[in-house]
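In the structure tokens that follow, the same protein chain appears in two forms, which are kept apart as structure 1 and structure 2.
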Structure 1
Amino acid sequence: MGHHRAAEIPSGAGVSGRGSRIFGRRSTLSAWVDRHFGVLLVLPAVVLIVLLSAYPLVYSLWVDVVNYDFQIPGHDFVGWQNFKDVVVDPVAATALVNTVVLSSAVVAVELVLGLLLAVAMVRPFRGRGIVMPIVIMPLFMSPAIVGQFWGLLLQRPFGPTDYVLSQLLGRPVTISWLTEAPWNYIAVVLADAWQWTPFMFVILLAGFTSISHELYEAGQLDGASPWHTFYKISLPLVAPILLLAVAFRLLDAVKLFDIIYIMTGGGPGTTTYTAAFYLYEKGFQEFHLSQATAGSWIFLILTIPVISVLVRRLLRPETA
């Protein structure tokens, strides 16, 4: 009589309750994943960029303000001295001027040649399929190979360039292409333009072929000349693609190094130093890593306005 009967509990009630809680947690997790699916997709890339880019950049800020030199033990704090050493270095100024002149020259030459090639090959003709691979072949070559190739062509007295010019002009030609100014600059422009003109050509050709033929037919009906058609129809429509090609090539041309290293070695003396070659010499030949890092930041700061202008122009919406 004194015993109380325990309340009877259905056998599946506890399992059913746990299952409901687990299902609820899974539903919540699934909803959270759905809401943040885009973030989860880009998160691995963000982490990789932080590890490979952000950390070295932050570390370089410390290198900028210490004496990080393989020839001097310790890393004493020197403040802005590394930046001052670069600013007052006449070789750095020469390298910066050479970078501006050479990058502008190579992009201008490549733009003109690429535009002419694109206009010439926009219409099908017999042998076009053979000419096209030959034209774009230099684009797939290593810059070091290109520099070696043009160095062999222009090197005196073994290169054939002076001999061929002598035969064409009917008088002896003795040009030291790699050791005399301004021929050494012309040699660098020739080598770089030979390799990267196909880049301009391919992009501009794609732009020209995307233009509707109806526009050209309308221009012909209105009596427009070929030059007027090109100036009023082709060029305005291909202008955004042209600007994109120039932006890509300019951002790459300011890092000109390989051809300089192979063909002239920065010489004679330091006359053909570019910014990239100057930083290489300071950091990996003279082992002044702090000065080279400071020079890299100065060069980055100087290129930011150019990059900003190009990016704003590329992202500007086209007016109807």
Structure 2
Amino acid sequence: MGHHRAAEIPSGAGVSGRGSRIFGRRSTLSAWVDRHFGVLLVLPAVVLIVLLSAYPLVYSLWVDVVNYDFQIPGHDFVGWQNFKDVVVDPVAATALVNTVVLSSAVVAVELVLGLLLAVAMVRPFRGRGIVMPIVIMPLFMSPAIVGQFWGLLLQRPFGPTDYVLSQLLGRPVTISWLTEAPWNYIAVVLADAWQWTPFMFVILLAGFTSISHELYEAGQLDGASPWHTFYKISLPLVAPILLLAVAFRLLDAVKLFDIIYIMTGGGPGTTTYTAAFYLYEKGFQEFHLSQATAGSWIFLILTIPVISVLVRRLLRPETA
């Protein structure tokens, strides 16, 4: 260690006065570095966090209480007005309800389908190596492409869906999948479930395969039916990982945006506005940045209880 060696050389012992001063300064610097080495190591990460998280967060608090609007010069203090604007905006209320309904619906559908797929694929069968990648493929696609893909499939009058259904049912099918309730909701759930069911499937499959075979063998010896085996052995053991999958998906689903943006544009009217879409419209189309920021805070505060419950449930097995 250079600085240790420098510290060991006595001042003036065969070293000029200038050299001694340099060594002295180096020695002091080294000692300071030594003392604060831990802090120095952590510093870049702290600076990064402050710059990327804390600063925007504090800045957003300021934006909440001023009029930060592209079309209005200056940033006058307006107090709680931006929050009031969001609270009284019926579109915001619609967006919130839609977010709750759609995110619950997509996660429920994905959970059920993912669970069924995982149960079906947990045991090896001929062709599993081919089926598995096909099932997982949608997971790797951009949500915007998924939206475009399903939009083209469902669009009237040129999309093939109504035609195929007409052929199958033997009577004309004229469903406006993207512009009529409830079909527009079904279309959104369908597209989202198509993309994210594989996520549930992969995680649950990993959970099922990690269960020891001995437990199943013991169940078989005790004469347990397949349903009992699933209900009494598989499900309890996979429950923590299932909860994790639901938590991850729910956290993502409440931000549902891309598919809505591409498939319905939030319409007809505002019937498929989600919170993310509403905030995007307010912030980046109308440039009412203060209102959008206030909306983001409200949305965050409303989301916190759900997240807290899920996180607590997730942590419980570890702390028990």
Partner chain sequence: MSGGSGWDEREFHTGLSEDVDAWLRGETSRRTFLTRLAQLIGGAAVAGPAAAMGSADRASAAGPAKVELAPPDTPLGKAQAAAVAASTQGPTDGSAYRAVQAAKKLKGATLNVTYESGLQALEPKNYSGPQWQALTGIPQNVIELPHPDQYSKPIAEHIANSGAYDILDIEPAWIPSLANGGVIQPIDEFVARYMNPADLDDYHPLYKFLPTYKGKRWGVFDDGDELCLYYRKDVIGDPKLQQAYKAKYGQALRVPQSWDEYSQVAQFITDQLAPNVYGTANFRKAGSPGNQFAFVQEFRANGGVFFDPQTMKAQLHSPAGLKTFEQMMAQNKASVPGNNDLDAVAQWVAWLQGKVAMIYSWPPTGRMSENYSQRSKSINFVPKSEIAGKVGYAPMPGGHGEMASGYVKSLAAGSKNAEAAYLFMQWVTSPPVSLARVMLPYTLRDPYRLSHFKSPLYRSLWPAAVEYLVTLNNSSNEAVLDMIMPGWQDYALSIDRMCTAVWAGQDPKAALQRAAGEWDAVTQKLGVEKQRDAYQQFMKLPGAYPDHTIATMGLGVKLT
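Here the rigid core means the biggest group of C-alpha atoms that line up within 1.5 Å when the two forms are laid on top of each other. Just so we're on the same page, residue numbers count up from 1 along structure 1's sequence. None of the values given here were measured: they were computed from a predicted structure.
Between structures 1 and 2, only structure 2 derives from the form predicted in complex with its partner chain. A displacement of 2 angstroms or greater separates the C-alpha positions of W32 between the two structures, with the rigid core held in common. Superposition of the core reveals a Cα shift of less than 2 Å for L52 between the two structures. After superposition on the rigid core, the Cα of L251 moves by less than 2 Å between the two structures. When the rigid core is fitted, L41 shows a C-alpha shift of 5.7 Å between the two structures.
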